[in-house]
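Shown here is one chain on its own, the form predicted alone, set out as structure tokens.
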């Protein structure tokens, strides 16, 4: 790969008030709609794109109160040398050293970094200036304005492919990747022979067609009217000139055993996919041409391609999305991909994911950090300490660095955490990457009932507010979801059972992931109840009984349940005691718990239809969610709360 854009800073562009993002050879941008993913791709395209979009005053950041803190948009890009696998190395090779300007050194590693600044005055069009960095971390710039960006753009090119792509439209436009590629047709040494074949083909087509022959004779009348000295009008069913051969070129695709059809006859999924592949083909072709010139010893610009792709999954079914991701990995150069697909994001390495989210009126970005490289540095320092004999001077020299690295490493995830996240979340719950907040709980009844209670309280479904409700499947299973949420900066709320030692177990898991319990709003069901007991205690006994009768299609089903199971051994071998009022209560709770998947939804619906108020614990939970996420109850057209 040889080089890589590894860091980008953006200030005051749309919702990107001030972000810094690290990039890898392939980086996957995830997050909810309008969180800033496409915004990042568009500002990068403005700086490095081969089809750069224009920047105007409407692109300046404006906060929620209408205040505009700056009239400048700033984009900083840092480039580092890498090996063939995209890993950072200390020095650029000679060919890149000759192309880049004022390469700097930071911590014994070379880098090249440039600032692009768009400054606005009265006019809508900005003044654009460029400067090179002398120190990236401290944002120190060279005093001289940089004049060589055109050369940089010749060597580092971004190919931006938006979500509206269509190979059918691409084939009609000379400026598209398809158009640019086919316009470079080169027929080599067989050019004269090909010209003759085309001429013969035109003549044969006319001679074999009475209609074309008749039309040709009629068109000769034009020669008489205009008195031309040349060949005059001619009829060519096929392009006459080699340079026009690509015009009107069509792409055909055969699916299964059907006939081969042009792209007009295929759906948007196939056409979108073909457009992406064409962009990759254009990029790789340019790289091949430059590599050929380098092999021949010819002087040439270098080329490092960057593929910026918006929602590659558009119109594709899940299996096709998985296949597409594998193809994208093989594309030449660096890839930056924004997606809403859990099938694409779920295949990425966790280090490749960048999560975009809104914090009030600004977009933020986070990533999952692992301790691998910190542990390796610690091991190297321990080896140095050992080599120097573990003397007092050696300890004073190395121990502060080792301790600092240990503190940093302890805040990150290890390989066991990686396996846990992949197993519990990324393989089966990839949609969590696109949520605005998580509401976690323990069981199935909550999973079915809480969306109904949320709808009653807010007047809309949780997913309309971007909130994902997740049953973790047991009071010891919160940990991977908490780790996931912490590193991707996703707000978390927990509704926990209160029975047994559940509260202690949940708090212990929170404490191991976060600094304090206060980070996670935790709501414990009162009276040491599980959720079924909680609903019973909240005054919904009648609604529960009605739901059971409805599901079982039998009036007073609980009496049948008691008759069949009274004094029979339960799960723990203890006889069921269903006599009297207390026994009937136990029977109702046992029936609920043993048939959670059957009864939960009907119970929730009955509670809503009853018109009774929701339990205070749920109201407190929903109020906290509304406060943290700035949610409001649903209103009608007149602004009245529904």
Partner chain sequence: MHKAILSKEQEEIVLFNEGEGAVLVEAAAGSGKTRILTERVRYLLTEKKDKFFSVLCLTFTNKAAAEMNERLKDVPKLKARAFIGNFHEFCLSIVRSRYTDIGFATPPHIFDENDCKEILEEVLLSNPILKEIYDFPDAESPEIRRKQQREKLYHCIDFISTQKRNLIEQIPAFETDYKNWGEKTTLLFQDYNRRLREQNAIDYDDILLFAHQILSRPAVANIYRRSYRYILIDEAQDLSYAQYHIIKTICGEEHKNVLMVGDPKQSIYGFSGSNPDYMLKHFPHDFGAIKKEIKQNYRSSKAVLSLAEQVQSNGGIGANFFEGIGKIQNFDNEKDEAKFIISKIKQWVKKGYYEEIGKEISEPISFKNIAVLGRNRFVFSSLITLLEDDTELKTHFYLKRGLEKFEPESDFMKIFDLGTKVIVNPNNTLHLKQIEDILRVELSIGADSFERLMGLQQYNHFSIDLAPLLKYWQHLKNNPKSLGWVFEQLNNFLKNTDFQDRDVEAAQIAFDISELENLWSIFIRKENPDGLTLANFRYFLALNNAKDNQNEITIATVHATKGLEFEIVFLMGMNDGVFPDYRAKTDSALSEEKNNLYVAITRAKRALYITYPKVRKMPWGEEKTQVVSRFLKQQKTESKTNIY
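All values derive from a computational prediction rather than experimental measurement. Numbering follows the first chain given and starts at 1.
Below: the form predicted in complex with its partner chain, not depicted.
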Exercise for the section: Verify the contact flag for residue 299: yes if a non-hydrogen atom of it lies within 4.5 Å of a non-hydrogen atom of its partner chain in the model of the complex, no if not. Expected result: yes
Exercise for the section: Classify residue 162 as contacting or not contacting its partner chain in the model of the complex by the rule of any non-hydrogen atom within 4.5 angstroms, answering yes or no. Expected result: no
Handout entry: Proximity of residue 295 to its partner chain in the model of the complex, heavy atoms at 4.5 Å
Key = yes
Exercise for the section: Using the partner position in the model of the complex, report whether residue 92 sits within 4.5 Å of its partner chain, counting heavy atoms only. Expected result: yes
Practice task
Within 4.5 Å of its partner chain in the model of the complex, counting heavy atoms only, one of 98-106, 445-453, 547-555, 344-352 shows up; tell me which.
Solution key: 98-106
Exercise for the section: Could you work out which of 127, 411, 140, 380 is the residue within 4.5 angstroms of its partner chain in the model of the complex, going by heavy atoms? Expected result: 140
Practice task
Consider the chain as shown here, without its partner, and state which of 465, 110, 310, 374 has a heavy atom within 4.5 Å of its partner chain in the model of the complex.
Solution key: 110
